[in-house]
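Listed next as structure tokens is one chain, alone, in the form predicted alone.
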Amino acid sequence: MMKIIFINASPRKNCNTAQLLQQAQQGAQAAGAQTEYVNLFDLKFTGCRSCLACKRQGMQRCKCYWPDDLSPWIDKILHAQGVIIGTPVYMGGPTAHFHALYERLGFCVLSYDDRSSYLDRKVNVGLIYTMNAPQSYYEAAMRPAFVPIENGLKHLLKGEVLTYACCDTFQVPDYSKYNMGIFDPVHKAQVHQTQFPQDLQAAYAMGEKLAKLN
């Protein structure tokens, strides 16, 4: 049976990123996939420590040996047929937890002999980005910065990489309680009411599509 791992790289367990991931999970399940879901912020881990255990001669490849909460999830990803990761955009890029996962996942499959991937199978990837920025700003200023990560995942995991950007998000229920003057609360509420349901549908479709990829 198709297995897909869902990873929330947001510190918030019930907000925009999580809701989109949960819709993607429902789409995958509807297509017949077996799924698992984890909140990265529930785990205790760091980025790659360059211990080089995964590069030692005689050691099993495609395995992170560092003894923390993330290593078992790396095993699950590398033995699944797909993974969908959701991350908000902070300071123009994915969260620090996302980057730590990317480092750990990528490094243990990267060959230092010829820069190829040790992986002898493929893991298809879905990436869901959520952000305050409008779609036009994402396309012009942010999108180019995300391409190297996507290309890296495509090279290392050998599968397809699907992406979706949920833009102009509604962050807080009452903007008047925060110093967030650059945002128009009326506009944010309107976008959330009209666009976010479409974003949820797109996330569902991503999960469904990933579950059907070979």
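Quick caveat: nothing in here was measured; it's all calculated off a predicted structure. Position 1 is the first residue in the sequence shown; the rest follow in order.
What follows is about the form predicted together with a small molecule, which we do not show.
Taking the partner from the other structure, the small molecule in the model of the complex has no heavy atom within 4.5 Å of any heavy atom of N39. At a distance threshold of 4.5 angstroms between non-hydrogen atoms, P88 is in contact with the small molecule in the model of the complex. Remark: Q81 does not count among the residues lining the small molecule in the model of the complex, judged by a heavy atom distance of 4.5 Å or less. In the model of the complex, N151 stays away from the small molecule, with no heavy atom inside 4.5 Å.
At a distance of at most 4.5 angstroms from the small molecule in the model of the complex, all three residues G92, T130 and A133 contribute at least one non-hydrogen atom. Comment: 169-177 is the region of 49-57, 154-162, 29-37, 169-177 lying near the small molecule in the model of the complex, near meaning a non-hydrogen atom within 4.5 Å. Interface residue among I77, M142, L110, A100 relative to the small molecule in the model of the complex, by the heavy atom within 4.5 Å criterion: M142.
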